[in-house]
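Taking the form predicted on its own, here's one chain by itself in structure tokens.
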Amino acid sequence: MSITVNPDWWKTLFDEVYLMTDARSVCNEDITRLEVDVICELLPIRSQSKILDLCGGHGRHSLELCARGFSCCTLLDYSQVLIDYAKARAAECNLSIEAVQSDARSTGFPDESFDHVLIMGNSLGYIKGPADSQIMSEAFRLLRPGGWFLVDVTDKSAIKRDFNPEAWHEINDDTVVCRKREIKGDTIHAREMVLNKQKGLIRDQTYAIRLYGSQTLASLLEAAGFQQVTVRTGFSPHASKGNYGFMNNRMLATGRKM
């Protein structure tokens, strides 16, 4: 049976349940530190650089950057749940980040507000139509001349090579996540069910994510105006083997606004 997806799935999926289902990746402090190591390696970030963590979820990269002394971090995400989580976590850790709920296609920030813009954690390909091009154009608008953009997405070739139509993992002794997937062209459609021994079915939702190859991703950046575009493949933050969905076998693309 074909998996039918509501095109607005991305407006509701990223909540407290998401923080449980994807905790192996997005709530793993070791992985976050490794990813921030890569950010610092690829971009010439200075302590006073103004950094925008675009589509940044619950702010794990912003918080880690801030903890390392990069004190001018701004987090933006569509999910109010994740923004509220980031604010609470920042207060708990005595870290100062600005956290804003908004749409990455039209952030509302003034032109040339940031020295660097990041999109980490495979946060492209959620919306049908020209949304990803609009997000790229918005990132370009927000960068100061000489600033750098970094985007991190799953590698289409690796996903198709290792494709598994069914996967499941245990969150804890009481809760399991089951996923059924199918590939339609360059898009993966998935159904995610989260079941708990006491509460029963917690979530049954479908979603779709467009996959990018290295050349298509590079072309997306170049079309937005970025120069010196480079795509690096083979980034796998998980040390152990396993089915981590879209959070392993990733590509990192960088481009500069001249």
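When you see a residue number, it is the position in the sequence shown, counting from 1. Just so it is clear, the structure is predicted and the values come from calculations on it, not from any experiment.
Note that the form predicted together with a small molecule isn't included here; everything after this is about it.
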query	finding
Candidate stretches 137-145, 70-78, 182-190, 167-175 - the one whose heavy atoms come within 4.5 Å of the small molecule in the predicted bound form	70-78
Sole residue of Ala158, Ile127, Leu150, Leu95 within 4.5 Å of the small molecule in the predicted bound form, by heavy atom	Ile127
Any non-hydrogen atom of Asp115 within 4.5 angstroms of the small molecule in the predicted bound form	no
In the predicted bound form, Ala218 touching the small molecule (heavy atom, 4.5 Å)	no
Non-hydrogen atom contact Phe235 with the small molecule in the predicted bound form at 4.5 angstroms	no
Partner contact for Cys55 in the predicted bound form: the small molecule, 4.5 angstroms, heavy atom	yes
